[in-house]
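For reference, the chain that follows is the form predicted alone, supplied as structure tokens.
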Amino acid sequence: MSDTTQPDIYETYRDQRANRPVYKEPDGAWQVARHKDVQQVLKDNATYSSDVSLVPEEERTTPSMLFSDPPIHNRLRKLVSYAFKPGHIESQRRLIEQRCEDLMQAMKQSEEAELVEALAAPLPVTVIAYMLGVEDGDIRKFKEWSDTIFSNIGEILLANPSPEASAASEQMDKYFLGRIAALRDTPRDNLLSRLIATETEDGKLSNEELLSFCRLLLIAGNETTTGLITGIVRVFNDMPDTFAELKDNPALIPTFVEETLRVHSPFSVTIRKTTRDVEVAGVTIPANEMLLPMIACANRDESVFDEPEKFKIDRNPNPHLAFGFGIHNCLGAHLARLEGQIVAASMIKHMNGIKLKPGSENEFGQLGGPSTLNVAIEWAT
């Protein structure tokens, strides 16, 4: 067990949980800080809507599962879940292990690396691209679309996407419509092909619904795992004894990954909109107000986690909210965990230690993790 570093944001979180558990910045959204309240907001989709877009309804494309409520959300999730079972994800293990090994061998050419470019981005983007049937030669373009769209997600929700984000979305949609047509003619053994073929009493996914899911998986499945991998490196930097503990006992890797998700949540916050007047922690929030469930803050709540500021490699239970809660609990959680565990195992196999280069600490704090992360690596001989 080791003390984590204490950036100012965590002092702010502690103050909010203690003194301002529900707080509204002037001209801003309501912030919800405590674990039980964040969990309730995420659970009660009738009171706290995920349909937060400011795009006029008549101008919207097919809704995303991420930003929709029942019954639309239920239909999309039910259809997608058929093709996204843990067994299908587990079948990707060998692909992930091989891709991770290839990237690690390439990194061994130097004792320094830009970790996002070298490992944290290409590993998940390769896996997601493979699952969606993206051809090998298109993976770099696929990553460019992901970065452009994800960096503009706030503006997209607020009906003001940048020209770059709009162009990336159009290019990606055109590409995937071509892939969907090809897979209808010649099915393949990948997730997108299974989604195309899946049929229940609710019917099949339309092309627009399939495109919506591709966008969702591109953002959530790719960026979440990138954030988890950079979080793992942050733990190893701050607490090198944790690296040594894992080398001595690799069986701790699953609980290590869960604690990393708690301490360095890839997504520190999400967003909801109230559908009625509601009281939270003694504060009345009016209807139609934007609300921010503060996941990273909730994951350090003293009333839920014993010594929450300490990284406990074997913490159990660990009811963190890094993957959300309720009907919007992250569909790709199993994939992110699997990739995180494989990366941690690969690092302790090939390395004796990994440290952030001076100044790299300042890169943290973005949704989904840093866009660059310079590291120094001591390779195992």
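Start at 1 and count along the sequence shown; that's the residue number. Keep in mind it's a predicted model, so treat the numbers as computed, not measured.
Absent from the display: the form predicted in complex with a small molecule. The rest refers to it.
Only one segment in the set 136-144, 275-283, 262-270, 165-173 has any non-hydrogen atom within 4.5 angstroms of the small molecule in the model of the complex, and it is 262-270. Proximity of Leu216, Ile327 and Gly332 to the small molecule in the model of the complex is complete: all three residues have a non-hydrogen atom within 4.5 angstroms. Residue in contact with the small molecule in the model of the complex (any heavy atom within 4.5 Å), chosen from Arg99, Arg179, Arg234, His73: His73. The small molecule in the model of the complex is approached by Thr224, whose closest heavy atom lies within 4.5 angstroms of it.
In the model of the complex, the small molecule lies within 4.5 Å of some heavy atom of Arg77.
Contact annotation: Phe323 falls within 4.5 Å of the small molecule in the model of the complex, judged by heavy atom distances. Using a 4.5 angstroms limit between non-hydrogen atoms, Leu356 is distant from the small molecule in the model of the complex.
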